[in-house]
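Only one chain is given next, in structure tokens, and it is the form predicted on its own.
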């Protein structure tokens, strides 16, 4: 009886088409999405609505691209998964730049305020290879002249090349301010996370000062230095921005440690500094590095803003200078340099995180 029922049931389910067979295959799905994209853009173009509703057209194209990418992602084998994800990460910005180029070429956006990416790339090349004799600066410091300068003037000549660089000026301010602010911020955050009394005393004060716009207190910081127009105030305002952010994030990371870790450390005999070094800091490290990434981005934003106001060198100064002389291509080139610096610094911090936290690999 049981065997007869099983045979009848299995035969009945074999006649029902599976959900997988009912779905469109990958080539058919991509062909369908391509047809939909052509019909969507063609209808807007033929009705002359593409120009006034270009943002709606781009939104529709973006939605179709997302659907197509997800459909392809389901068929990608695990071996090529990373390649697929990198293609998405790089492909979308490339598509956005192509769309920008086409929209400006079509006259929908003004090339005066939104120059084409090709013009911005040409301007970036110009500011990279050319030396501004009026200000005595260059973007990278002309590193191709290092061998000849070293031969004639030694290390002093090499240093003079780097001293004329906008990028190295900005990186020096960010690096110095980041280190000066992050180390005491982390130390204070650990103490506040461990000691309730210190936390109650300082938490409100830190939260109140943290929300102050750092660019607003920059004039006050300038008055604290003997040379208010030197590098000291610029580095100090970056350090202040990083300090408060790291103190608050580190305190939160230490407070949120699972008590099981502390109990396990004490059971193995860890006390005092040993407990701090082997249990508390490693457990709070993910939150600390998350705070470091935020602090690094904040430091870059603050120094660019400061260079807008009070600097004769730096990527922020270069960007604002080309805005003042109405050279939008080079202004956008300066913004591109800022974005590249942000990406490079973030990847460098991630590499440091992987090295200091090998258990997360």
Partner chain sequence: MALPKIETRNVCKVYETVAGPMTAVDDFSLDVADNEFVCIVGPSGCGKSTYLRMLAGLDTHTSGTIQIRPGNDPKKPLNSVVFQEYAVFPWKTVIENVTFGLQMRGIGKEQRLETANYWLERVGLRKFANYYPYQISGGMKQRVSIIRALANDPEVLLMDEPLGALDAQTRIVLQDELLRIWEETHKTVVYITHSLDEAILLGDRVILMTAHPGRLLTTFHIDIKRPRTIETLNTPEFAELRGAIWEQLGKEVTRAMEMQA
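Residue numbers count along the first chain shown, from 1. Predicted model only: the values in this text are computed from it and were never measured.
Not pictured, yet referred to below: the form predicted in complex with the partner chain.
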*Does the partner chain come within 4.5 Å of any heavy atom of residue 73 in the predicted complex?*
no
*Just to confirm, residue 109 within 4.5 Å of the partner chain in the predicted complex by heavy atoms?*
no
*Taking the shortest heavy atom distance, is residue 282 within 4.5 Å of the partner chain in the predicted complex?*
yes
*asked:* Even though the partner isn't displayed, in the predicted complex is residue 195 close enough to the partner chain, meaning a heavy atom within 4.5 Å?
replied: no
*Specify the contacting stretch among 201 to 209, 142 to 150, 256 to 264, 99 to 107, defined as having any heavy atom within 4.5 Å of the partner chain in the predicted complex.*
256 to 264
_Within 4.5 Å of the partner chain in the predicted complex, all of 50, 59 and 116 (non-hydrogen atom)_ = no
_Among the candidates 125, 80, 268, 155, the residue which, in the predicted complex, approaches the partner chain to within 4.5 Å (heavy atoms)_ = 268
